[in-house]
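What follows is one chain in structure tokens, specifically the form predicted on its own.
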């Protein structure tokens, strides 16, 4: 369940990384759009107010001022005509013409007054308009009196109305006009100032908006560029560089002639799978992040670290700093928070190093560091290995051997040998282990030259099934020939556990040759349980349900063997040769340890097989521990098919 949760978390993290840049772009777009929309709305609102002020105040007030100026001017013209009218009392024709002119002026004045009223009724100017309207009506009433009295011959009364009443009406109108004119002028000036202020505000707002949009756009683009560069150049889990970015930086240093100032390191954490297996993959991810951070903190500014994949990292460290940095790597530790509190993990690392020369290319340097790291995994090699020129020959030999392997499988150059397992109480053949040998025209190639290579390249899977198929074919032939075989074990790499069809493929071969399961045993190395314990448990369960034995090979070579053995239900435990070598040579501590290990395995109801038995003293010791089955050169080396067939026919060994 925890593993499923971790995988789900990793998938979620991957999806988050995939969508991180698009989400940032979306947020940036929304932010810029919001700022732009807000600015446009603000400017539109301000422009609307300016337009309304212009239309409702300036245009209307200017019209009103023009109306009042025209009314005032027409009043003066009208009054002047009345004076002409009174001075032409004896000239009937002239007076009639003047009356006509006055009537036209009156019509104009009334029309302008009507237009003025439509603009000011319902506004603060309305009271002044009423004064104008009242004075205008009084004026035209007095004009009518003047006409009436002058036509009746009462010139004195007509002149009185003209000099006093008419002038008073005009004065009242002009006074109201002046007041309204003054008030409108003030309002117009205020509206002009307000409009100027708002226009200035609009201009400044537009400038500020442009500046803000520019800043937001620049910041947002920088933000997105940084995010895209992080995605393109950094490892998603640890946030250190990825290999492609490191290679690009190395190319730039090479072009500047500075690459030779550095040492290239390729490093990984020893037994990192144990952390994933025993503490969970989530804790493993935390370890990688903290370890990456620690490595980064101990690097100089011009040095670099990149994650290649899994727990493998590649670094570029200055030659002047390399000794100090190796001391740090040798003592590297990380702190992780677990359910039991903070825990400090001391990390052991393997490291391949390449001192870069002036003529070394980037690709050659990286390959050299990888080659040096691969040497640390060879038996007996130190954890820190410097690249040497002869390693390149080994790589070429390796590639050539891989090419030969392809044709070797097709041409069936691989032979199955059988190393007997002996019951040391009866000195009889009790079983065997199927082993592979590679026969070429030049002779046999020992397994240690090609098995590790095929394991690293993932090609061992094909060879394992090749051996198992040949073993089942041999068993079928012996059974058909009436030769009673023994139980034979076949080795399978831990890489098979990654395939869900592993068990199914084995059972298909067993069914193909119709082999009784009592003759079959599957050997899985102890380290397989560290890589995928659940898959190993499931596989063992399927095999045992079909009556096929499962054995744990190389027991004792790992760090958590006892815990693994307790949790994993296997039929047979093969005690590694390294324990047997210490028996019979006076190493009492080792003998006590082996004795206790055997008792512990027996208490768990597992059958014990000891491999690598080469001396009679070792046999005597194992007989004392009630061990029945051994395997080793004291009895037989791995035998080719025909010799092993003879051993099946004569299963008893000579007494020793």
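Positions refer to the first chain, counted from 1. From a predicted model like this one, the values you see are computed outputs, not experimental measurements.
Although it is not shown, the form predicted together with a small molecule is what the next lines describe.
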Exercise for review: Indicate whether residue 437 is a 4.5 Å heavy atom neighbour of the small molecule in the predicted bound form.
Suggested key: yes
Check your understanding: residue 69: heavy atom within 4.5 Å of the small molecule in the predicted bound form?
Key -> no
Review point. Applying a 4.5 Å heavy atom distance criterion, does residue 553 contact the small molecule in the predicted bound form?
Key: yes
Check your understanding: Is there a heavy atom of residue 296 lying 4.5 Å or less from a heavy atom of the small molecule in the predicted bound form?
Key -> no
Revision key, fill the gap. Assert contact residue (the small molecule, in the predicted bound form, non-hydrogen atom within 4.5 Å, options 451, 332, 274, 212) equals 451
Revision key, fill the gap. The small molecule in the predicted bound form has a heavy atom of only one listed residue within 4.5 Å, and of 311, 523, 113, 285 that residue is 523
**Study point:** Segment that reaches the small molecule in the predicted bound form - one of 164-172, 513-521, 318-326, 488-496, heavy atoms within 4.5 Å
**Key:** 488-496
